[in-house]
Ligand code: NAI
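Just the one chain here, the form predicted alone, laid out as structure tokens.
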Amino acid sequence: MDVNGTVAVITGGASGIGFGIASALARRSAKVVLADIEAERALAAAEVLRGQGLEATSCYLDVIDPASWDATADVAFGHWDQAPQLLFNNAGVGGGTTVHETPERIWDWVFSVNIRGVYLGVKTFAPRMLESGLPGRIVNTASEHALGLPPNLRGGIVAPYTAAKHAVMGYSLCMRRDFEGTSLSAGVICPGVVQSDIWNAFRNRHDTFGGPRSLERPGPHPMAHGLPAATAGERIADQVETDEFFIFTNGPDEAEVLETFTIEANAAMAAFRQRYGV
């Protein structure tokens, strides 16, 4: 899909992968809407892009609030008087520990943002994008966690995050099926470790789920070892323009997770067939 001249909405667009995507698309002459729960940060990010001669605007978006999605759609469809052709459901949060030690409110928060937020984005934008008749794509950000289970050293022990990202993968596969034969297509981003502030997602946690809590860690940035977000954004934009469904950023990391999962699943199926002859 040629992004030149399109309107693209990026949730979580104020920083990290979201801003990397927005920057890459804007440099390819897309008009970008940076939608983020950190409204002032999104405003500043849009001003950075406009200062580079690129087309960008911003708006507040709480992805778990349907009314907030409606307001974002009004901005996206009205700012340039042009229907968006790209929606990136990129906003997400990390958190939690093991499957039995994570507090219920953290499970609820992680699932609400990571999967309900995706659903509400599709529910809000897909009908209007289809009505426009323009070719469009809705791309969800999952994770290498959606391909299997990364090693603890890299992926941490964050059971609700891993489970939610598997749900994003499943929902994205359903989107690909359900949009078949329409003007819309689907994609799913499975990034490895990318430089971002997702490690400090609790700073924006809703009061319903326990309220904000800013984490402080001494020393270098906890995600400093990750792929630069600008590089991730360029790679994502490349794969969006070639209409890939599975979109990767780091390559070897995602391949390692997928290969491990595939080998184990194939071995289990082979054993099943040998046992039952079916």
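This one's a predicted model, so the numbers in the text were calculated from it and none came from an experiment. From 1 onward, residues are counted along the sequence shown.
If you look for the form predicted together with this ligand, you will not find it shown, but the lines that follow are about it.
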item: Heavy atom within 4.5 Å of this ligand in the predicted complex - residue from R128, R176, K123, R203; value: R203
item: Option from 189 to 197, 78 to 86, 100 to 108, 128 to 136 whose residues, in the predicted complex, bring a heavy atom within 4.5 Å of this ligand; value: 189 to 197
item: D62: touches this ligand in the predicted complex, heavy atom cutoff 4.5 angstroms; value: yes
item: is_contact(L49, this ligand) in the predicted complex, heavy atom dist at most 4.5 Å; value: no
item: Exercise: L54 in contact with this ligand in the predicted complex, heavy atom 4.5 Å; value: no
item: Partner proximity in the predicted complex: I17 to this ligand, non-hydrogen atom cutoff 4.5 Å; value: yes
item: Residues in 86 to 110 with any heavy atom within 4.5 Å of this ligand in the predicted complex; value: N90, A91, G92, V93
